[in-house]
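The data below hold one chain only, encoded as structure tokens and taken in the form predicted alone.
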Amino acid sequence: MNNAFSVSITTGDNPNDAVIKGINNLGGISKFIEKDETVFIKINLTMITGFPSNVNFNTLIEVIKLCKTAGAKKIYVGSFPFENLTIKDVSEELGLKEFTEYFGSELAFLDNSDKLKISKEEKLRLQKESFKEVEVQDSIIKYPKLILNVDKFICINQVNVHPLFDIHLSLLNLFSCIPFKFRKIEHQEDVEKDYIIADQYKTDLISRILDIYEIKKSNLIINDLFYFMEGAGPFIYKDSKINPIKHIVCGNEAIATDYITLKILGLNPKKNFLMSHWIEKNIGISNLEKINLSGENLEDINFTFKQCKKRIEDIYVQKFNIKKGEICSGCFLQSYYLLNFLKTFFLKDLNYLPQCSYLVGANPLEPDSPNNILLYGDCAIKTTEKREFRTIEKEGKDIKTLFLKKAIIEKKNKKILEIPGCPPNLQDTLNLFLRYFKKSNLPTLNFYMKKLNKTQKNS
């Protein structure tokens, strides 16, 4: 292999210094950005919780400044958020529009959520004008025209732990170049044992992530490890912790930069789901071990960190008794977010709830009682249709007899909440919780969902 793929590992007193060093090690910003070029800077823009769920503003500021120094004509900053949030939602809470404008760039409303009070016809027209249908591996993907049409593409990725892929690689950052609804992997057919055992969800998800990576390659990748969120991450959860690693990894290719980032964190790239899948496909780089490295010596870096819990049943949530069956990565990932979301933001609400049995996966374990059974996902719903807890015995009168003798009658158990989906959507799940447990028992969640549902209605 030639040394066309270069990666630099740097450190410094602050992220700004480390970024400048890293880009200089790769030949300087002028190697990536030329005068009068348009630039799109892809950032982490996931939730309203701020840094480090989202981009480190210090790193972003420095990159914008460097692009302006190189003579960039127009600098866009953007991404698509998590699930049903809009860019406008996140921007208004964090002041992103004003922030980007202050430093001479522009927040890209890729979802057109900044357009207020327009008709459905106008929304459809804007969506058609904003996206291009790109064919990748026999599938059609709607990709933002703005990103496709810029001269240079930079990815600033905030590296945190990730429940499925160990850490949040730049490949996952690039995946959110498209809206969440196009990133979803859903299995619409009946529950199939092979689908779960083979974990087809994970395979399909990885394939789609790599498809998005192929559509528009980044010219410059910055994996920001200066502050690293370990523990429950990748969003700010109750059991998350910020660890100052003080390293920045810069590269001219996403796979190579992610490969070195994994090595820095003591993880074997060949055992990482995303990286190993890519290596098997042999896309692009033939030998990742021969990447041209500069800056800090990789062998001198020794860092250990606390990873996400890998088993749903190990996540403790007050009032929730988790009963797992055969579970695919989809229900694992969404359950992980749901449970951590509840225990982080709605701890007071949980005090009002009765004890619940949370059944997830195909053929889950038996609930602790016939009361307040939460069936999460299509697998749990369909594989428990004939379970005894679906009916309860009650004392009633036998109308078939002349003297209406007392008898034991079987009735449908109404103390069950079914949460459909493969996997279920977080917002839909929270709305179902409100309906089942009553809004008065979940005051904080009710307030949160009112605001979110109103925003969705108006956007």
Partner chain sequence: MSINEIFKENWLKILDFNAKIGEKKYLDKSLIKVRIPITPLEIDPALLYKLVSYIYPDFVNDKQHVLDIIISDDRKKIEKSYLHLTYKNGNHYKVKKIDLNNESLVDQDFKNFGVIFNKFQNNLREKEGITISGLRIYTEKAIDKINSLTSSINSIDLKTYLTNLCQIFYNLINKNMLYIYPEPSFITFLKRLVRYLNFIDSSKIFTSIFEVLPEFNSGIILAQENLYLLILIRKFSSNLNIKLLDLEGFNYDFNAINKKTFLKKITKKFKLKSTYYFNFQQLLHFLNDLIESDFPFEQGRFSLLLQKLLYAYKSYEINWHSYPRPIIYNFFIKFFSRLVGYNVNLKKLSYWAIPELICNIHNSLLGLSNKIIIIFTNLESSNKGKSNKQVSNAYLIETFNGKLKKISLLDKSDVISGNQLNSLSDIRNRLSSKIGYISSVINIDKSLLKLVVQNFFLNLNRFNPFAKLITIRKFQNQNYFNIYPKNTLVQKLKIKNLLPILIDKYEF
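Residue numbers count along the first chain shown, from 1. None of these values were measured; they are calculated from a predicted model.
What comes next is about the form predicted in complex with the partner chain, which is not displayed.
When the partner chain is considered in the predicted bound form, only one residue from A108, A362, I236, M275 comes within 4.5 Å through any heavy atom, namely I236. Think of it this way: in the predicted bound form, the partner chain has a heavy atom of just one of K142, K241, K123, K184 within 4.5 Å, and the residue is K241. Among residues of the shown chain, F303 is not one whose heavy atoms approach the partner chain to within 4.5 Å in the predicted bound form. Contact check for I61: a non-hydrogen atom falls within 4.5 Å of the partner chain in the predicted bound form. Shown alone here, P52 lies within 4.5 Å of the partner chain in the predicted bound form, counting heavy atoms only. At least one heavy atom of L94 is located within 4.5 Å of the partner chain in the predicted bound form. At a distance of at most 4.5 angstroms from the partner chain in the predicted bound form, none of the three residues F80, S369 and Y436 contributes a non-hydrogen atom. Contact with the partner chain in the predicted bound form, judged as any non-hydrogen atom within 4.5 angstroms, is confined among 342-350, 113-121, 204-212, 383-391 to 342-350. Along 212-234, these residues reach a heavy atom to within 4.5 Å of the partner chain in the predicted bound form: Y227, M229.
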